[in-house]
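There is one chain below, alone, in structure tokens, taken in the form predicted alone.
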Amino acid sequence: MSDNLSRIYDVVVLGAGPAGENVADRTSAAGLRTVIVESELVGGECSYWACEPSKALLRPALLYAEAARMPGVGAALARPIDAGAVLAYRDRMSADWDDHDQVAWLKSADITLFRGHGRITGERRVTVETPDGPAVQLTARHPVVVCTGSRPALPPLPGMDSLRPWTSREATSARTVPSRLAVLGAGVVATEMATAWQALGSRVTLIARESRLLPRVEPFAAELVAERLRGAGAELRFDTTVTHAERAGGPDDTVHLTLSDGSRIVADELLLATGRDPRTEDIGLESVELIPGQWLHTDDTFTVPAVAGEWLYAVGDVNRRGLLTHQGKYQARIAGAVIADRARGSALDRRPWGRHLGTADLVAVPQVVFTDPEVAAVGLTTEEAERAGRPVDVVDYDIGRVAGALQYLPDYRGQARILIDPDRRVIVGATFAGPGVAELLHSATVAIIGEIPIDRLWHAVPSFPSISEIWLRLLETYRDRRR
């Protein structure tokens, strides 16, 4: 490609989502000349089709549900949610799908941006096909960092093109509220979007091959979410699959589904929320003897060990260690420190919890599911502890018995669970389910990461009356049981 433009940088980053932006920020701050390549919007999936728009849809839904149950307030809610106003708020929180501000931030951080599709073409080399102009050949003095994220994984339904289903992108950016929405899936995207669109006026039918919602969280939390969804009017179909799907087309243009139990469903839109696949199918992995379309396995420094020379890194969803924006940012901070110190010739601190290892990926990945009620969890679940053969003491408490919870909502329903290592007497897992519990999660994360002994936690006094008093009740329950 003799007409290519060639550029040399210290670091080349593929993908300008949260993980890519944070890697580039750390390497640039360390004095390494950094370039980032993005084929869509700077800010990535989280800013425009996931975290930001989905929570903008969910926050009004959760606030309305809580207000409707509060004495002196519920009676004042004479009208349903103003869906148009919520969608406008969603647009604002998604920056109207305009990345001008994020591009300006890259410039302020002295990070070069190339718009276009980047492909690895050899060791430390990336070719960028730009939308307007010749291809650009980028060479990295140090690493190439793959931060291309993930995309919705679509099930093998026949006639997918004519079916025109929603994925998570359409579910978070739709311009109108469908009268009837069928949701295929039982995970976080399926459950959150069922919550949001049911509240905005859709009649939701959720179809899951699993026997319950949210199969990776504690069963008690999933049951509370299912109960509230049903109470809001959603229909939940478990232990079933779609055997046939077609869109009628024409003026009707409805989706017709046949389920494995023989029943039929008609909907205006179908959301497929059945997992994620890596965005690695067309980034040149074959040039370094990796398989396109597969997840990129890394060690705890986020280096890809299958490629010799410690020059290829994978950060964020693409490495499948934790498909969460905040976890991708954490990985980026670690990887940035690794890249900077390797460039300086400095030795790496490979001790657990050292600045060069992503230990939290293995021990304490926090996540909030913004359903009604919220589910917040970090560390092990009971099932995971059993599967790993790790003995734990399970401590449960009804959050609705805490004074602060009753102040929050008089009919508060929720449950908390912590898992305690009986030998080390530290917390190794925590799950909270109930309104407003998202704000409890960081204290649990700190307790697990810091390996704070139970005896020391007794001295962390919760404010009264707040929901955080649940910590005291859990510790009291554990103390009294051991007497």
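Since this is a predicted model, take the numbers as computed values, not measurements. Residue numbers run from 1 along the displayed sequence.
Beyond what is shown, the protein has a form predicted in complex with a further copy of the same chain; the following relates to that form.
- The candidate spot formed by W49, S150 and E269 lies out of contact with a further copy of the same chain in the predicted bound form, as no residue has a heavy atom within 4.5 Å of it.
- Looking at G72, you'd find a heavy atom of it within 4.5 angstroms of a further copy of the same chain in the predicted bound form.
- For L362, no non-hydrogen atom is located within 4.5 Å of a further copy of the same chain in the predicted bound form, even though that partner is not displayed.
- Proximity of R417 to a further copy of the same chain in the predicted bound form falls outside the 4.5 Å heavy atom cutoff.
- The shortest heavy atom separation between Q327 and a further copy of the same chain in the predicted bound form is within 4.5 Å.
- Per the 4.5 Å heavy atom criterion, a further copy of the same chain in the predicted bound form is contacted by stretch 327 to 335, the sole one of 137 to 145, 156 to 164, 176 to 184, 327 to 335.
- L457 is the sole member of L457, V428, L32, V35 with a non-hydrogen atom within 4.5 Å of a further copy of the same chain in the predicted bound form.
- The single contact residue among A388, A347, A76, I291, judged by any heavy atom lying within 4.5 Å of a further copy of the same chain in the predicted bound form, is A76.
- Residues are counted as partner-facing when one of their heavy atoms sits within 4.5 Å of a further copy of the same chain in the predicted bound form; in 40 to 66 these are C46, C51, E52, K55, A56, R59, P60, L63, Y64, E66, in sequence order.
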